[in-house]
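The chain below stands alone and is given in structure tokens; this is the form predicted on its own.
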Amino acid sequence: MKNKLMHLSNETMNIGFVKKVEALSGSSVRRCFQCGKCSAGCPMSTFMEHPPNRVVRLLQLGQGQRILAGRSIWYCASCETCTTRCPNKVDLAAIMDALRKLSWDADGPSKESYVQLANRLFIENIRTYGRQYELRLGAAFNMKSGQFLKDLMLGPKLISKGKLKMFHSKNKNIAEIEGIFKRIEEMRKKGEAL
């Protein structure tokens, strides 16, 4: 069987998606010439179905939905090794952040919906209490993910060792923290923040 050629045109490429990623990340995917240094240095690339350089290549080809449907963007540790190693100064860590943001906003077909759920609950905790309240985070995650008994026996051990607090206290600067969240929301509406 012959290898099929991929025909690229305005109909097969989602250029609008690529432009969104570039605007959010402040980095151009067109600068990448596929040297592979990012993937060679990435500590998480062995777990990704699309290593960092392939993520960029798929973006160059306008295949954003293929990236969002995979798990690679959720395995990125944001360590910035890829960005540091890039000879063309492609900020791949920012591109991965932008892709996660677009996936999160779209509630798309991500295989890592638990990661999205954990991120949302984490941010909600910070906004509500001004700090992380781990017991609530774990309980809310288990309830919303349908894993009601997950780590049930671990909780009492952590509480008895003082590693997990049964009761929480709100941060005294909760009004300032809420102000930060409101400023970020305003910046997002203007397209100035992820």
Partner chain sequence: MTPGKKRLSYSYYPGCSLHASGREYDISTRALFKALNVGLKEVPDWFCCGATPAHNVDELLSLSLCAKNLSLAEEVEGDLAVACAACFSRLKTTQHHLKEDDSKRKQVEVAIDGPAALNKPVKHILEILAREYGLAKLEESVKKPLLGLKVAAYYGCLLTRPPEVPELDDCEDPSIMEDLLRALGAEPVKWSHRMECCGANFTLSRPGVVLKLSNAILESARFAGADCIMVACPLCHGNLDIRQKEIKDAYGAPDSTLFGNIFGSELHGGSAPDQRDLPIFYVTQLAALAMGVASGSLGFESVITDPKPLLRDKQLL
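Each form is matched to the other, and the largest set of C-alpha atoms that superpose within 1.5 Å is called the rigid core. Residue numbers count along the first chain shown, from 1. Predicted model only: the values in this text are computed from it and were never measured.
We do not show the form predicted together with its partner chain, though everything after this point is about it.
- Note on contacts: among 144, 150, 66, 57, the single residue with a heavy atom within 4.5 Å of its partner chain in the predicted bound form is 150.
- At the 4.5 Å threshold, heavy atoms of residue 169 stay clear of its partner chain in the predicted bound form, well away from it.
- Contact check for residue 132: a non-hydrogen atom falls within 4.5 Å of its partner chain in the predicted bound form.
- Under a 4.5 angstroms non-hydrogen atom cutoff, its partner chain in the predicted bound form has residue 157 among its neighbouring residues.
- A residue is said to contact a partner when one of its heavy atoms sits within 4.5 Å of a partner heavy atom; residue 61 fails this definition for its partner chain in the predicted bound form, lying far away.
- For the stretch 26-62, the set of residues having any non-hydrogen atom within 4.5 angstroms of its partner chain in the predicted bound form comprises 43, 44, 46, 47, in sequence order.
- Shown in the overlay between the shown form and the other one, fitted on the rigid core, is a CA shift at residue 180 of 2 Å or greater.
- When two forms of a protein are overlaid on their rigid core, residues whose CA moves 2 Å or more are considered shifted, and residue 159 is one of them between the shown form and the other one.
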